[in-house]
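Heads up, what comes next is one protein chain in two forms, each shown on its own as C-alpha cells, labelled structure 1 and structure 2.
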Structure 1
C-alpha cells in the first residue's frame, strides 16, 4: 500500500519538476539570445540598431532598419491578401457550405498547413516569381526580377490562410445560434446576419487570429528567403526586392563566425523576432481564451 502511495508521490514530484523546467525554456531562450547579442547592444544603442539602415558587417556597421521594414512590408501584404480570402472562406464553411464541401475543404487546409516551407518556396520560385516578372510587373514598372515584396507577400499569404481559416471557423462556431436565429427572424438575409451578428460578435477573436497569423508570417524563413530577392536596401515599391529578418539570419549563419560582432548581430536579429513574436502571441492567446470563455457561459 505504502509503496503505491510512494510511487504516486514520486511521480507527482517528477512531473511537477518536468513541467516547471519546461516553462523555463522561454526564460532560457530569452536569456541565451540576449547573452549572445549583448556585445552588439553594448557597442551600439538599441535605438541605433533598430533605426539605422546602414549595413556593412565588414566595417562593423549594423543597422537593421531595412530588414525590419522588409519584414513589416511582406508580413502586412500577406495578411492583406489572406484576410479577405480567409474570412469569406470561413464564413462560407460555417454558414452556407454543404457538408460535402466541408469534407473536401478541411483536408485541403490540413495539407496546406502541413506542406513544408521549402516546398512553398519552390512553388513561389517556379510559379509566382516568373508570373510577377513577366506578366504582372511589366504593367507597372520598367523592370522587375520577380523576386520581390509582392512575391514574398503572396507566398506567405498562402501559408497563413490555413491557420486563419481554421481559427476563424472555430471562432465563428462559438457565436450562439440564438443570436443568428434572432437576426434571421427579424428578416435579415444570411449575409446580413453574418456581417452584423457573426462578424461583430467574433471581432475580438478575429483580431487575435490575425495577430497570430502576423507572427507566423513574420517568423517564416525559408519561403521568404527563396522568393524575396535578399537585397540590402529599403524596398520602395511592391516590385522591389527585399530582405526580411529571418532571411538575413538564415543566409549568413555560415560566415557569421568569421567577422567580429557578426554573430552577435544575427543573434540580435533573432532576439528582436523572439521578443516581437512572444509579445504578439501572448496577447492574442489571452484574447482568444477570453473569447472562448465569454461564449461558453
Structure 2
C-alpha cells in the first residue's frame, strides 16, 4: 500500500515538473529572443520598427512593416484556399466515401504531409510561378514575374491541406452517430445533416485545427522563400512580390551579421513571429471557449 502511494506521488510530481518545464521553455524562448533583439529595440522605438517599411541595413534603417504584411497576406491567402477544400474533402470522406476510397486517400494524405517543404517549393517554382507569370497574370496586370503573394499562398495552401483534412476527419469522426441518425429520421438529407449537425457539433475542433494550420503557415520558411520573390516592398496585390518574415531570417542569418545591429534586427523579426503566433493562439482559445458554449447541442 505504501509503495503504491509512493509511486502515485512520484508520478504526480514528475508530471508537474514536466508541465512546469514546458511552460519555462516558452518563457525562456521569449526571454532569449527579447535579449538578443534588445539592442535594436533600444536604438529605435517599437512603433517605428513595426510601422516603417524602410529597410536599409547599411544606413541603420530597419522597418519591418512590409515583411509583416507579406507574412499576413500569404498566410491568410493559404488558409482561405485550403479551408473550404479541406472541409468538403473531410466531410466527403467521413460521411459519403466508400471504404475503398478511404483506403486510397488516407495513404496519399500521409505521403503529402511527409513531403519536405523544399519539394513543395520546387513544385511551386516549376509549375505555379510560370502559370501565374504566363497564363493567369496577364489577364489582371501588365507584368508579373510569377514570384508573388499568390504563388506563396497557393504553395502554402497545398502544404496545409493534408494537415487540415487529417484533423477534420478525426474531428468529424467523434460526432456521435446518434445525432446523425436523429437528423436522418427527421427527413434531413445527407448535406443538411453534415451542415447542420456534423459541422455544428465539430465547430470547436474546426477552429482549433485552423489555428494549428495558421501557425504552421505563418512560420513556414523554405517553400515560401522559393516562390515569393523576396523583394522588400509592400505588396499591393496578389501579383506583387513579397518578403515574409521567415524568408528574411533564412536568407540573411549568418551572412549579413557583420553589419551593426543586423543580428539584433533578425532576432527582432523572430520575436515578432513568436509574439504574433502566441497572441493569435491566446485569442483563438478565448474564441474557442465561447464557441463551445454557443454550439452545444
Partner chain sequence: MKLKFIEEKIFNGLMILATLTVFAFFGSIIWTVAKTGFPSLTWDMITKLPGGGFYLGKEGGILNAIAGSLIIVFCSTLLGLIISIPIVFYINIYLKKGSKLAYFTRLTFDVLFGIPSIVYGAFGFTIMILLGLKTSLLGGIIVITLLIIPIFIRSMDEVAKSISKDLLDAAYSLGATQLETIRVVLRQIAPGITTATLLSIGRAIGDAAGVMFTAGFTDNIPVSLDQPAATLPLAVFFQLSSPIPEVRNRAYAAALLLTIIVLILSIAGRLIMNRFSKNRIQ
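Residue numbers count along the first chain shown, from 1. By rigid core we mean the largest C-alpha set that fits within 1.5 Å across both forms. Bear in mind that the values here come from a model prediction, so they are computed numbers and not experimental data.
Asks: Identify which of the two structures, 1 or 2, is the form predicted in complex with the partner chain.
Replies: Structure 1 is the matching one, since it is the form predicted in complex with the partner chain.
Asks: Given that two rigid parts of the chain turn against each other between structure 1 and structure 2, choose the hinge position from 35, 134, 113, 230.
Replies: This hinge corresponds to 35.
Asks: Please report, in whole degrees, the rotation of the smaller rigid segment with respect to the larger one between structure 1 and structure 2.
Replies: Treating the chain as two rigid parts, the smaller one turns 17 degrees between structure 1 and structure 2.
Asks: Where the core is superposed, what shift in Å does the CA of residue 8 undergo between structure 1 and structure 2?
Replies: Its alpha carbon moves by 12.4 Å.
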